[in-house]
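Encoded as structure tokens, the following chain is the form predicted on its own, with no partner shown.
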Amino acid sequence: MSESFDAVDVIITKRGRGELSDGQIDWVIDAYTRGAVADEQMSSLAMAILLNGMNRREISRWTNAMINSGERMDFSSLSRPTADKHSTGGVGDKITLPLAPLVAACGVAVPQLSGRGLGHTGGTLDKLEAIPGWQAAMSNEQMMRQLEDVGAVICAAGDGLAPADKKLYALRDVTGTVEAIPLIASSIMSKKIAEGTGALVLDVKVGSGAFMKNVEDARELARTMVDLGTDAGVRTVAMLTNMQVPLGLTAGNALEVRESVEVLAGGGPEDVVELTLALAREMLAAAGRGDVDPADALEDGRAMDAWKAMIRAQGGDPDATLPVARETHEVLAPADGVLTELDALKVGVAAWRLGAGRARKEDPVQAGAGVEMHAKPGATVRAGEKLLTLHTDTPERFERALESLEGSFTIAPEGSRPDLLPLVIEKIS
């Protein structure tokens, strides 16, 4: 990189609603990663981007510069095509767990690099670590071998992928610039493109428990990410899906693993099954296997076999008893009627406060903590029936969890109907 720029000039260009040149973008990302651009300068630029936006060329170049800050993985040597899924995060969103082995059972390899939970959204790695013996860390060589042998891997991303993103993500978190759509899109897509998957399906959540609270913002984020994937030569499709209500009947680590295993056994909650199959169909189609029906692999046990093989390959015991929290507390229905609302954010915060999530990256999580739901919107309930069961090892947490659940549900007169978005709202390709 021969050309050199000045950080203040770059900031002023974007502050004045100007377009950043390719050279400016390449330089600022590289210089920031190396430490030549200071945190306060990058936070100023991030705020200018949040306020003034970026066009498609700028976002594409920014994403590419983040990818070029680290290594790229290459799965072209595998004997089968690859597809991956990324969810923007929600409450009870355990879809990766049944989805990866299901797609693998249908002949497409799934390299799923996942993260840990922060705040009210659960992390896939935290969920899987509830399984005795299971390990999140693996080398690239182990990952390639497992993709060839088993067809699916869910593991922690190595430090080598998009290191610029890691640095910038931490900065956005403390400077009020997390919401900038160009920065969200480039953060997600730089890691996914560097990961080297051939096809990518994005699950962009909409509603109280999601990052994007309304359909318009979710659509803008989805469109931006689909364009980024397309520009990078990755077949990318996005689904906008409902996160007004938690997914399934559980929010919490071991609780969600148990529910995922039920889905793989051919049962489980309807919404989890529906979304798992919808995303599986999109992944298979994007990887050129659209003629395969994933519902068959759920029914005939192939998906369960792939799950067990995937867990064993990473040191876990798929048949071990999962941890159970020591203490429970029941929330009962106050009246007869129809449950019309169950707020995803409030349930997510309750699960977090019970010990299922963390406030800081270094905090431990409780494997057994979380919230179990006994009814979902649309169900008829009777006064005194269980609506929710709270689980934790530390009963002094119940009080704060119950505070976060105040106003979390509505029971309307019989005959009422919940006013909810469909589970799959729309598809953007």
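All of these numbers come straight from a predicted model, not from anything done at the bench. For every residue, the number given is its place in the sequence shown, counted from 1.
Not on display, but discussed next: the form predicted together with a small molecule.
Participant: Using a 4.5 Å heavy atom cut-off, which stretch among 166 to 174, 326 to 334, 353 to 361, 289 to 297 contacts the small molecule in the predicted complex?
Facilitator: Comparing against the small molecule in the predicted complex, the contact stretch is 166 to 174.
Participant: Could you tell me if residue 147 has a non-hydrogen atom within 4.5 Å of the small molecule in the predicted complex?
Facilitator: It does not: once the small molecule is placed as it appears in the predicted complex, residue 147 has no heavy atom within 4.5 Å of it.
Participant: With the partner left out of view, is residue 187 within 4.5 angstroms of the small molecule in the predicted complex by any non-hydrogen atom?
Facilitator: Yes, residue 187 sits close enough to the small molecule in the predicted complex that at least one of its heavy atoms falls within 4.5 Å.
Participant: Determine whether any heavy atom of residue 120 comes within 4.5 Å of a heavy atom of the small molecule in the predicted complex, and answer yes or no.
Facilitator: Residue-level check for residue 120: no, no contact with the small molecule.
Participant: Test of understanding: in the predicted complex, would residue 116 fall inside 4.5 Å of the small molecule by heavy atoms?
Facilitator: Output for residue 116 is no: heavy atoms all beyond 4.5 Å of the small molecule.
Participant: Sort through 183, 339, 285, 157 and report the residue having a heavy atom within 4.5 Å of the small molecule in the predicted complex.
Facilitator: Only one listed residue qualifies here, and that residue is 183.
Participant: Pick from 281, 219, 235, 191: which has a non-hydrogen atom within 4.5 Å of the small molecule in the predicted complex?
Facilitator: Checking each option against the small molecule in the predicted complex, the one that comes within 4.5 Å is 191.
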